[in-house]
Structures are given as structure tokens and as C-alpha cells.
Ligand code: HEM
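Only one chain is shown below, in C-alpha cells, and it's the form predicted on its own.
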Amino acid sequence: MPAQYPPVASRFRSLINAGKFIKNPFPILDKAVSKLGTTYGFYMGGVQKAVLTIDPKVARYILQKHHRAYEKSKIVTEILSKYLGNGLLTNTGDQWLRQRRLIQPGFHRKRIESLIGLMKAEVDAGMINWANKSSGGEMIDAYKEMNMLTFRIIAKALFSDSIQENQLTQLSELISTIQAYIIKEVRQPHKRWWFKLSGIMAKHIALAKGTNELIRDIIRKRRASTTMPDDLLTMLLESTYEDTGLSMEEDQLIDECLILFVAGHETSANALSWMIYLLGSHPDEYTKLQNAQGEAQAALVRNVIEESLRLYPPAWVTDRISLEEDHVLDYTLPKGTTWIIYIRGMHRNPAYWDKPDEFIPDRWNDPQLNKEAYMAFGAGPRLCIGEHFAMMEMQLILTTIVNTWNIKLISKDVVEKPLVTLRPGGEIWVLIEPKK
């Protein structure tokens, strides 16, 4: 059957907009949705043809109902994996399923709850640091603070005390540098020849090997140790495959640790930063949180988290490539079609949400809310494995901040910076003082 594509955005216009697209694709994507509809074709970087959708039914068909006919595209399986390895985020097919089954028990809700003491110790240490800054009248950058705090939490959850301060700093710097480059390679396919020829690609591959060797050193020291702390690394070391009874090989173990590091702190740091920004912009909502107690406060905190993730989803986009010809909506699309599922666009579309650009945490009290159009953690079998970890972490941190501090937002206009995840585009300066 001949291919029948949805409306296609101008290839010439895509090429013209390539520079703007790299800096911030949202205005371009949102304009195309309003003009061409919730599912349309376009050319990534003016080169590679793809189909974008914000339709939740189409997204769930691809990610969930018909997921066996789709896998992650080369953007993830080839580009990201060059730098982040073949862990759960970048793996696909039978190998991904085998790894998911191996690792899933370690992220069961009850298993994650055993890490709450470790999380709380890091949060308390962070609040002591805030107290020192508050006493001097010093402003804090919420993004920087949340980035450091969540990085330390995932480091402790993974490695307990096996990772040293200098290693933490080195790992954080390496990951940030690599991520900043990855987004260029993803969004500028027409320049990949130059990245390769100029040595820029090789330079960042070498940096990625540096992260691998750092994690390898931690793993080997743990294996040589006589004590095995109750952390995620121990869980990974002790896990065995059902079919062979063997544990992961060292290189695979390194890849899984690196992916957990990247996904486990970056997404939560971004989400918490946006929460502080939104609550600072809506002091009435912050006061409501402060005045509530017990389960009532816990419910309000969950609403704030869900609403923040709706407005600023850290995983703002995902993709799939079709393994066979498929009929989606009124279109027949060939094998090899790249699908871009634009989650942020879905989360802010008025067809699915009332007043979509407004921060309204109470909307989550409505039992009729259309949660089909909410995919902050993805959908289907590849739903984020760290969802329980992230929710527990964010609830703990936000509740602690609300019950400890009054905050005043100084940075009024913070823009979005969509990289691999959706970061704030600058500092989020706030003044803090102890809650009276």
C-alpha cells in the first residue's frame, strides 16, 4: 500500500529554522501544531523526515497498545548510546527487556522506601547549607541547589559512601559537558560530518570513557570489599538473569549505573527547580502548602508536583521508529518511520487541558481530569523505571523546603532550555528565610 503521510511542514522552512530549532524548538513546534494539526510530518534539521504527534491516543498506541511494532530510534540507540552506553534508556529489543526484568525488582516501591533514610540525610545536610546562606542574607540559585542535592542523593543511593567528593564533582562536570554536546549532534544531523572530521565527536567520546572508568573503579573496589552496603549498586551486583543465573558483565553494569546517574538526578533536579519557580511565582499556593498539615499537606504537595511536571516535563519528548508498515489515524506509514512524541506540547494543548499554560495544582483534585494526555514518566512497558524513586525524592525535598523556609522569587522571567531534558534557561534566584 502506498504511504499516506499527514500534512508535512515545509522542508525549506525546516532548514531555514534549523538554527532557531537548536536554541528552542518549542515555538516552532507549537506553531506547526496550530497550523497543521496534532499529528504532522516534518524534516528534522531540514534533513530527516519524521512524524510528530501530541495526540495522546496516537502516543499511547505507539508507546503502549502496539509497542512491539516500535522501538527507540537511532537518535537514542546510536547517538546517545555512544556517550551514555547501552543501559535501560538507550537499549532496545530483547536486550532491553532482559535488562528491565533484571533491574525492575530493585525499583519496587518497598525497595525504594528502604532508601528514605539515606535521602533524608542528604536533604538535611542541604538544609544546613541553606541555613548558613540564609543567615548571611545570601540569595540561592534554586537550579544549582536542586542539581547538587539530587546528584548527591542518586550518588548515595547508588554507591553509598563508595564515591568520594572529588569523584562526585568530576562525574557531574563530565556528564554536563557530554549532554551539552549530545543535543547538538541530535538537532544538527547535517553537521555530524563536521563533528566527526573536526575531532569534536572523538573528544566527547573520550570524555564518556572517562565517566566509565570512574564508575569502573568504584565497582571494582566494591567487589573487593568485605562489606556490601544496602544500596542500588549492591542490588545490581547481586541480581542474576533468570535464564542463566549469571550476573551482569562489568561493562553492562557500568552502562546501567551511568544511565541511572544521568536520568536519576537530571530529571528530578529540573522538576524541583521548576516547582520552586512556580511556587515563587504563586505565593498564595506556597502559603497554602505551608498552612496544611499531615495528609492534607501531602496531597497538596503531590498536586504541585503533578502540575509542575505537566507544565515543565523533564522528559519533554520521546521517539520511536516503526518496525513494520502501520496504519495510524487516517495515514499509512512505511516501515522505518520516525515518530516524535512531543510530550510538552501534549501537556499544554487546550484540546486536553483547561487553561493549559496556567499553574493550577487543584486541577488534580478533579476525578474527571483527562490523565490520558499526561505522560510525565512516559507510557507503556518503557514507563520510567525510576518513577517511585523520583516521586518519593521530590515529595521529601519539597515538603522539607515548605516546612522550613519562606521563599521570595527574585528571577521573574526564567525561560525553558530544552536539551536532553527540559532545564531552566538560567538561574532561579530566590531569597530564603526561616519559616516562623
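Position 1 is the first residue in the sequence shown; the rest follow in order. Bear in mind the structure is a predicted one, so any value in this text is a computation, not a measurement.
Beyond the structure shown, there is the form predicted together with protoporphyrin IX containing FE, which is absent from this document and is the topic of what follows.
**Q** Check each of K156, H204, R344, K72 and return the one that places a heavy atom within 4.5 angstroms of protoporphyrin IX containing FE in the predicted complex.
**A** Only one option qualifies, and that one is K72.
**Q** Only one of W96, F195, F359, Y181 comes within 4.5 Å of protoporphyrin IX containing FE in the predicted complex by heavy atoms, so just point that one out.
**A** In short, W96.
**Q** Counting only non-hydrogen atoms, which stretch in 78 to 86, 218 to 226, 252 to 260, 186 to 194 is within 4.5 Å of protoporphyrin IX containing FE in the predicted complex?
**A** It is 252 to 260 that comes within 4.5 Å of the partner.
**Q** May I ask whether S268, G378 and L383 each come within 4.5 Å of protoporphyrin IX containing FE in the predicted complex, counting any non-hydrogen atom?
**A** Looking in the predicted complex, the three residues S268, G378 and L383 all sit within 4.5 Å of protoporphyrin IX containing FE (heavy atoms).
**Q** Taking protoporphyrin IX containing FE as it sits in the predicted complex, is F107 near enough to touch it, meaning that at least one heavy atom pair lies within 4.5 angstroms?
**A** So F107 counts as contacting protoporphyrin IX containing FE.
**Q** With the partner left out of view, is P314 within 4.5 angstroms of protoporphyrin IX containing FE in the predicted complex by any non-hydrogen atom?
**A** Yes, P314 is a contact residue.
**Q** Just to confirm, T318 within 4.5 Å of protoporphyrin IX containing FE in the predicted complex by heavy atoms?
**A** Result yes; T318 sits at the interface with protoporphyrin IX containing FE in the predicted complex.
**Q** Verify the contact flag for A59: yes if a non-hydrogen atom of it lies within 4.5 Å of a non-hydrogen atom of protoporphyrin IX containing FE in the predicted complex, no if not.
**A** Contact check for A59: no, nothing within 4.5 Å of protoporphyrin IX containing FE in the predicted complex.
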